[in-house]
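Each of the two blocks below gives one form of the same protein chain as structure tokens; they are labelled structure 1 and structure 2.
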Structure 1
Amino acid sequence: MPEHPFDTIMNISLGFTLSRALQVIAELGVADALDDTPQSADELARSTGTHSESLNRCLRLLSAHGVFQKRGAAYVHTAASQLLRTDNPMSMRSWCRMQGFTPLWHIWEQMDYTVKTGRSAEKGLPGGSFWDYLNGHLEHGRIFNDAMTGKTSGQAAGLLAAYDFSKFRSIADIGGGNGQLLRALLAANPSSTGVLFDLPDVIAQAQPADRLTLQAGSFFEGGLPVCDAYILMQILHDWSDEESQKILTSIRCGAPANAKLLVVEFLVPHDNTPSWSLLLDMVMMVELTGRERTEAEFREMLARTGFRLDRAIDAGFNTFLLEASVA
């Protein structure tokens, strides 16, 4: 039976409580405190220093949505709650903690300003922009980079299975964070070398590795490495069309004629079906200056900056690799 409109509105208007409960449970390390043995809220509250009844109510809500499972008075892990563990290779704990950073949570109060003016609310952040805020708050910057590592760990296997990176001798990951994707690509392709390019504070924290060069800089200021392939993974969605065109132009200026540009992004579905890429689009609108885009929007933007979109490859998890050539 279709959902009644009353239930639709109740679910959406109160949906923030579910997000917030997930963020708080991730912040408090509850999934780390739960091992293979079922544990009651009392036991979990003792090991996490929390209030048993309140914790139980959060876990009851989350378990109704598949994050943890309630078994009598105890809780056990599900595949989703396992992703909140710090030691999970695809850990999304930092991702959830990051969504709950207090200054980010605060600027959602300004969403009406964004909707009225078309301007991001990021000026309300300490530092005045998303990136300045992270650069100025080392602990939050570290959690953000960890969040990207978790996200990218989930995507890397799909990208490696879907696309042959072995044809490139040198690969630049532009805005590559701490290099999770590039490290996976180099491990799978022993004859390739890589250049990890990101802001100075991010590069300062990146671990060196064989066949990996670390290069600090800004993709708005040119001086990008010269390579056979350029990866831009979840970069353009952070920026407006004008800013994205500047980044693409920086790459286009230094790229060899036979280079490939590999844009990796979450695409907005053509048919407007529910998708978390539409939720992320709201984050990009309020917290940054960016947006999630359709394949057609990327095709046009690439054409405007001297690239030709050759194909879009589905790599799973709503992740698409857009392979483009220098036009």
Structure 2
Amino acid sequence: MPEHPFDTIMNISLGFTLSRALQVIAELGVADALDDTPQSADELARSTGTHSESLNRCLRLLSAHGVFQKRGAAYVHTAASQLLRTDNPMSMRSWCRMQGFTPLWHIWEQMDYTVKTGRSAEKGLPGGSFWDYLNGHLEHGRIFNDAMTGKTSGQAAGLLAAYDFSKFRSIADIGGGNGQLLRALLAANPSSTGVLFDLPDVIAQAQPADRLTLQAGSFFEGGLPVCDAYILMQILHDWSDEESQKILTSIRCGAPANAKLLVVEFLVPHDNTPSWSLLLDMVMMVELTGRERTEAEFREMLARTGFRLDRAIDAGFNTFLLEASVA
């Protein structure tokens, strides 16, 4: 039976309570406290230093949406709640904690400014931008890095299964952070070498490895390495079309004629069906200057910067590898 319009409005208008409950449960480490044995809210409250009834009400809400399962008076893990465990290789605990940063919630109070002006509300963050805020708040910066690590773990496995990287002698990961993706690619392709390219303060913290070169710089300023393949993993969605085109132009200026550009991004469905990529698009709009894009929008942007989109490969988790050639 179709949902009644009243229920649609109620569910959407109160949806923030569900996301906030998830963030708080992740922050408190409740999933870590719950092992393989069912535990009551009283038991979980004692081990997490929380109020039993309030915790139970949060868990009741989340379990109704598949995060934890309620069995009588006790709770057990589901596949979703397992992702909130810190020791899970694909842990999304830090991702959920990051969405609950107090300053980020405050700038959502200014979403009307974004809708009226077309400009990000990140000016409301301490430091004036999302990136400056993370640089100035080390603990939140660490949580952000952990969130990206957990997210990348699952995506890297999907990319390796979906695409043959062995044909490249040298691979450059542009804006690759700690090099997690590039290290996974090199481990799976022992005949390849890699260049990790990122800002100087990021590269200063990166760990050296065999067949891996560390190079500091800015993808807005050029001077990028010369390689057979260039990977941009979830970089362009952080930036506006104008800024993204500058990044792509920098790569195009240094890329050999036979090089491949591999853009890894989430895609917005072309038919406007429900997708969490549309929710993430709101985050990009309000918190940063970026946006999520459709395949057609990427195709047009690549063409404007001297690339030709050859194909889009589904790597799972709504992650797509867009393979492009120098036009």
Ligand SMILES: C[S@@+](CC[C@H](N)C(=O)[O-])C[C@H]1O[C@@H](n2cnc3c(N)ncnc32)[C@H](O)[C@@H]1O
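Numbers follow structure 1, counted from its first residue as 1. Rigid core (definition): largest C-alpha set, two forms, superposition within 1.5 Å. Keep in mind it's a predicted model, so treat the numbers as computed, not measured.
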Between the two chains shown, which is the form predicted on its own?
2
Once the core is aligned, please say if the CA of residue 115 is shifted by at least 2 angstroms between structure 1 and structure 2.
no
Taking the rigid core as reference, does the Cα of residue 215 move 2 Å or more between structure 1 and structure 2?
yes
